[in-house]
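Here's a solo chain for you in structure tokens, the form predicted on its own.
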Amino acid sequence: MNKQHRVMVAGGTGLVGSALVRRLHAGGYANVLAPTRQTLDVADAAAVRAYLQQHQPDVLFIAAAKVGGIQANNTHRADFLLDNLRIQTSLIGGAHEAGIQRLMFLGSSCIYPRMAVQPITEDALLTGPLEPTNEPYAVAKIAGIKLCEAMAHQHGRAYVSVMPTNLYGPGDHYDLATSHVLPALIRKVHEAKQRGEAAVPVWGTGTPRREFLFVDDLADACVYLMEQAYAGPLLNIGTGEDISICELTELVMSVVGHTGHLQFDTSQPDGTPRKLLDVSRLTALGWQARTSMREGIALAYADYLARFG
């Protein structure tokens, strides 16, 4: 990928997509396509096919997906499976039909078995049962990975898949019914502080450990890999470090400036006990995350205040 290429970001207004657009513009890419939902329904195969044929991007990043936290994944299981399958097949199949040679599909670390050996290597895929609460979403993402692999094998396309760890940062959404754990904690802590409430509600026991990656670091990794013409197998993207939900909440409280205490709701699910990605393959390719957790949470909280404060 070079500066003269026409680069399309599907899902360019979402958390990941907007970070990719920021990174591309900062890197001097002038021909960036980032259609909005009003411009292009990425689940509509005919519309996607027509858009790609008309605009003929050289490179396609697929950041479009139906996403949510534990509650949303577990409640709307059919929607997460069906919507994501439609999005992926429309974009990957449409890209092939339009003759697009280079594509990057962004998945999720939930593709790996619930009890995978930690840290999780890429080879753990399909070696055990998935986490039940987000299994439909994970199955859809696995299908996307396998479709990219099949396109590469059968048609010689340079279609690669990357698996980010848990993401956060500017552009995140904070609906407590659908958001992921970190944005949900930012909102809960902020609202507890505003109301003068000492207790901060936390789902589960607080013991699960998670890895978090600032979304602009993810975007940098994706552009770096494309610029290096990476065409290898599935690749993890993360920091290589994890933190307990309890420790995470305390860090959010410190950044927000709230001195309350944690109130664990053990009637709610913990999800996977631990999820830490092995990022040694990515490190060997010359890329590492740069944003610390405290710095990233501060940037995310500033974004929250600017939008909702």
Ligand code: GDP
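Residue numbers run from 1 along the displayed sequence. Please read all numbers here as calculations on a predicted model, not as lab measurements.
The following text describes the form predicted together with the named molecule, which does not appear among the structures shown.
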Worksheet entry | Position in contact with the named molecule when the complex is considered in the predicted complex, options W203, Y112, F80, F214, heavy atoms within 4.5 Å | W203
Practice prompt. Quick one: from D58, E241, E250, D270, grab the residue that has a heavy atom within 4.5 Å of the named molecule in the predicted complex.
Written response: D270
Discussion item. Under a 4.5 Å heavy atom criterion, is S90 part of the interface with the named molecule in the predicted complex?
Written reply: no
Worksheet item: Taking heavy atoms and a 4.5 Å cut-off, does I70 contact the named molecule in the predicted complex?
Response: yes
Practice prompt. Answer with yes or no whether A34 is in contact with the named molecule in the predicted complex, where contact means some heavy atom within 4.5 Å.
Written response: no
Fill in: Non-hydrogen atom contact R210 with the named molecule in the predicted complex at 4.5 angstroms
yes
Worksheet item: Of these, 218 to 226, 176 to 184, 93 to 101, 114 to 122, which stretch puts a heavy atom within 4.5 angstroms of the named molecule in the predicted complex?
Response: 176 to 184
Worksheet item: Who in 147 to 169 is close to the named molecule in the predicted complex, meaning a heavy atom within 4.5 Å?
Response: N166
